[in-house]
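The chain below stands alone, shown as C-alpha cells; this is the form predicted alone.
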Amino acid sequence: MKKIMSILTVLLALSLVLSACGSPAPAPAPVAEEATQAAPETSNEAEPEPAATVETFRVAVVMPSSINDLAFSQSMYDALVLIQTEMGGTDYFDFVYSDNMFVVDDAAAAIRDYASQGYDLIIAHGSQYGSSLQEIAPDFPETSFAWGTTVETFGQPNIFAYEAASHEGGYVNGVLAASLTQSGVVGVIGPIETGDAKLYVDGFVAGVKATDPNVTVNVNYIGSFSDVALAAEAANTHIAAGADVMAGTAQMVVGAIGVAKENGVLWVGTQSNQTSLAPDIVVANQVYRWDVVVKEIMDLIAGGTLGGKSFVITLENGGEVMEYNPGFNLPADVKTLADQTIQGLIDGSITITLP
C-alpha cells in the first residue's frame, strides 16, 4: 500500500511539472488602434518673415553741359554712377538726367517736370538755376531739391545747397605751376567771376605766389561757361604772353586744353580728371567727388529732413581729391612739395590767403 502511494505521489508531481512547462504563454493585452491622422510635428524654428519691399531712391539731375564734358557736369554724373554701383544697381538707386541745359528756361521746365513725377531728390547742378529753384521748390513741399555751387538755401525747408572749396585744389595746382614753369609766366582761364570758378582761380593765383612770388600769373575771364572757341582764344593769348603752364575751370576748358596740347604747354585741371584729353601735357587734376554730398543728403532725406542745409566739399572730407597723371614724368621734388601742400591744407598748417 505504501508502495502504491509512493507511485501515485511521483506521478502527481510529474503531472504538475509537465503542466508548467507545456502551457501556452498568456495572450498579450490588446493594443489600441492608431489614429488615422498623425499629430502635427512641432518645431522650434520661427516661421520666416516675408522679405521687405525695397524702395528705390530716385534722383533726377539737370546739368548745363554734357555728361562727358570732363568738367562740371561729368563730375556730378560720375558721382551718381558711383553711388548706384556702391548700392547694388538700379533696384536701390536710380537716376535720370537732362544735360546740355544751357538755356535756363528749358532747365526750369525740366526741373518742374521731374518734381511732378515724384523723384526723391532733384539736383539743379548749376549756379544759374538758383532763381528757378527758388520759384519751383515751394510748389512741391514734399520733394527735396539741391543745387550748387553755393551755400544759399533761400530759407526753404526742402532745398539743399552745395559748393566746392575749389581754391584748395587751385592752390595745389598753383604750387605745381610755379614749380614747373621755365618761362616764369603762367596763365589761368575762368568763365564768369563767380562761384567755385572764382574760388579756383583765386586759389591758383595764391598757390603760385606762395611758391614763387616772381612768377607772373595772367588771369582771363571769358564771360562764358560753355564757349569753347573763346577758351581756345584765351589760351592762345596766354601762350603769346609767354605762358608755359596753364589752368582753367568750367566745361569750356576743352578748347584751352586743345591749344595747350598743340603748343606743348603744361596743364593743371579741376572738376574732373582731364588727363585723357592730353596725356602728354596734363600734370594733375583736382577732382570733385559730389558723391560725398549726395550720400549725406540721402541720409537726411531718409531721416525726414528734406532740405535747409548746405555742404562744402574739401580736401579734408574727401569731396576733393588731387589725382596726378601717372603718364607725366613729374619731378620727385615737385611731387613731394605738392603732397606736403595737400597735407598742410588738410591738417590746417597751411592757410590760403586769397587775393
Partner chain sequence: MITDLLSSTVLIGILASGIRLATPYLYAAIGETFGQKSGVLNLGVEGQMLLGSFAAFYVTFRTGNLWLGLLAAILVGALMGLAMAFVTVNLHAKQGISGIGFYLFGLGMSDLLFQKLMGTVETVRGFPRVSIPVVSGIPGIGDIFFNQNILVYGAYVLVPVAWFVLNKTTLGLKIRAVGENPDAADSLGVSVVRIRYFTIILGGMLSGIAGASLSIALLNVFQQNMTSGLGFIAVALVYFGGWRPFGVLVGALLFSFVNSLQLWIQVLGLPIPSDIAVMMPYVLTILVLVATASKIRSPSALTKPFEREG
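Positions refer to the first chain, counted from 1. Everything numeric here is computed off the predicted structure, so don't read it as measured data. Definition used throughout: the rigid core is the maximal C-alpha set that superposes within 1.5 Å between two forms.
The next section is about a form of this same protein that is not shown, the form predicted together with its partner chain.
Taken together, the three residues 293, 301 and 304 all stay farther than 4.5 Å from its partner chain in the predicted complex, as judged by their closest heavy atom. Considering its partner chain in the predicted complex, the lone stretch of 244 to 252, 82 to 90, 169 to 177, 281 to 289 in range is 244 to 252 [heavy atom distance within 4.5 Å]. Within this chain, residue 232 lines the site of its partner chain in the predicted complex, having a heavy atom no more than 4.5 Å away. For the chain shown alone, residue 210 is not a contact residue for its partner chain in the predicted complex, no non-hydrogen atom being within 4.5 angstroms. Of the heavy atoms in residue 228, some are within 4.5 Å of its partner chain in the predicted complex. Proximity of residue 137 to its partner chain in the predicted complex falls outside the 4.5 Å heavy atom cutoff. Comment: its partner chain is not present in this chain, but in the predicted complex one of 118, 184, 223, 155 has a heavy atom within 4.5 Å of it, namely 223. Taking its partner chain as it sits in the predicted complex, the stretch 243 to 263 comes within 4.5 angstroms of it through a non-hydrogen atom at 251, 252, 254, 255, 258, 259, 261, 262, 263.
Comparing the forms between the shown form and the other one, the C-alpha position of residue 118 differs by less than 2 angstroms, with the core used for superposition. Relative to the superposed core, residue 225 undergoes a Cα shift of 2 Å or more between the shown form and the other one.
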